[in-house]
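Only one chain is given next, in structure tokens, and it is the form predicted on its own.
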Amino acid sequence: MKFIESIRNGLDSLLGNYPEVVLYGEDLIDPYGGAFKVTKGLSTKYPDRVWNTPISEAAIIGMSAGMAMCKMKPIVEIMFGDFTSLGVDQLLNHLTKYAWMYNNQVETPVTIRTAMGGRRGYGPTHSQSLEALLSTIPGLSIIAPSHYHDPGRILQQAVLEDSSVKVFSEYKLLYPQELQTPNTVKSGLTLDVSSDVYPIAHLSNCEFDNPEILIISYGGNALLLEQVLLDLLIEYELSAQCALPARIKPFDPLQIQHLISEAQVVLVVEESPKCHGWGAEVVATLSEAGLLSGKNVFRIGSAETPIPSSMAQEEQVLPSAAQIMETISQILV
């Protein structure tokens, strides 16, 4: 099953089994089915529960607050992650504060789905990864699965689990990817996925050794890291593993505690800008938990610049496998 199919199936299951669930956003209804075709077929099957909206992200997100307080579970699709910035007022000053302001007499179980990330030449306003920016909002959870997770199942869990507000980040290049399991992962790699509600995928190039390198990342970065793990073993005979949490905020250091102990190098990779980013929060959290003593710790993120439209220039701005390899080789080789 492909990543996009898993999400579509998750939405189908939610709409089919829970009458309080609605799905709406820009250009969702058939025959278009959304900018990335995730919702294709759903408006035909559920014509009274899947809607198109005008082009106003502030109104789209704001409307979800009223529906949620009326006991519905709205799923909002924002066409590009960049456009969530147009609805930040509703997120920051309304949705995530209502329960607190009204002494828990209201709930706002809202899930905002959006396509994040670059590497498609879409330019500076359609290519950003804003998870780090959104993570500064108190009370907002951020979920960003990779193709080593089952995104449809995780989406269902997110929509149903509680009254919190969540951003469900879908990396654009993951949509056509086949979901990977321990039986289908590339030769030379092993995969283990935890049984947590929001699982962590553990990818390794060494089945038995205690790896020298731990790379922590999320979402579409997994596409870079699977090749990095293979190249590290082939070129430098370095054992390495990658930890990919499905939920990146809140970040639970105990989920990866067992992976850190033997690593000499801990590297955090994100597609958000490195400065004040998710990687900085992860490193700080692990350090406060006393898990990084004596280790070499590094962060890799996007350059401090708008993302170019030229794909050749885009490659220079976003993290790359070569950059990750170079960072590690300078330390251990």
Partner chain sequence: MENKYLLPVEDVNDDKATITRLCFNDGDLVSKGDVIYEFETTKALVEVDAEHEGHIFYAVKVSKALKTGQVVCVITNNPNYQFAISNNPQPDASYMLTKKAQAFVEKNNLDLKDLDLSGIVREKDLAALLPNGPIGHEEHILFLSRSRNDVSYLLSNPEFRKLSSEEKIEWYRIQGHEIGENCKIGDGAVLIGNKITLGSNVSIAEGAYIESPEITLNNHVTIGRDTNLVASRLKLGAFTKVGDRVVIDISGGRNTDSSFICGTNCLIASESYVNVCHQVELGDHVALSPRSMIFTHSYWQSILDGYPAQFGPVSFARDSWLGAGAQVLPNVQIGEGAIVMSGSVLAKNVNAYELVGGIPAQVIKENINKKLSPSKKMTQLEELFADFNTHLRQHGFKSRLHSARKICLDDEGSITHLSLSQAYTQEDPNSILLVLEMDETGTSPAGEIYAIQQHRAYGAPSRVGRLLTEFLRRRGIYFISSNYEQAYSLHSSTS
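Positions refer to the first chain, counted from 1. All values reported here derive from a predicted model rather than from experimental measurement.
From this point on, the text means the form predicted together with its partner chain, which you will not see here.
J.: Hey, of 145 to 153, 195 to 203, 162 to 170, 115 to 123, which bit sits against its partner chain in the predicted bound form at 4.5 Å between non-hydrogen atoms?
T.: Checking each option against the 4.5 Å cut-off leaves 115 to 123.
J.: To verify the annotation, which of these, L259, V88, L233, L140, has a non-hydrogen atom within 4.5 Å of its partner chain in the predicted bound form?
T.: Filtering the options by heavy-atom distance leaves L233.
J.: Which residue, T96, Q255, Q157, Q177, has a heavy atom that falls within 4.5 Å of its partner chain in the predicted bound form?
T.: None of the other options qualify; the answer is Q177.
J.: Does any heavy atom of S187 come within 4.5 Å of a heavy atom of its partner chain in the predicted bound form?
T.: Taking the distances in the predicted bound form, the answer for S187 is yes, it comes within 4.5 Å of its partner chain.
J.: At the 4.5 Å heavy atom threshold, is A35 in contact with its partner chain in the predicted bound form?
T.: A35 belongs to the contact set for its partner chain.
J.: Does any part of I4 reach within 4.5 Å of its partner chain in the predicted bound form? Heavy atoms only, please.
T.: Judged by the heavy-atom cut-off of 4.5 Å, I4 is in contact with its partner chain in the predicted bound form.
J.: Answer with yes or no whether D209 is in contact with its partner chain in the predicted bound form, where contact means some heavy atom within 4.5 Å.
T.: Residue-level check for D209: no, no contact with its partner chain.
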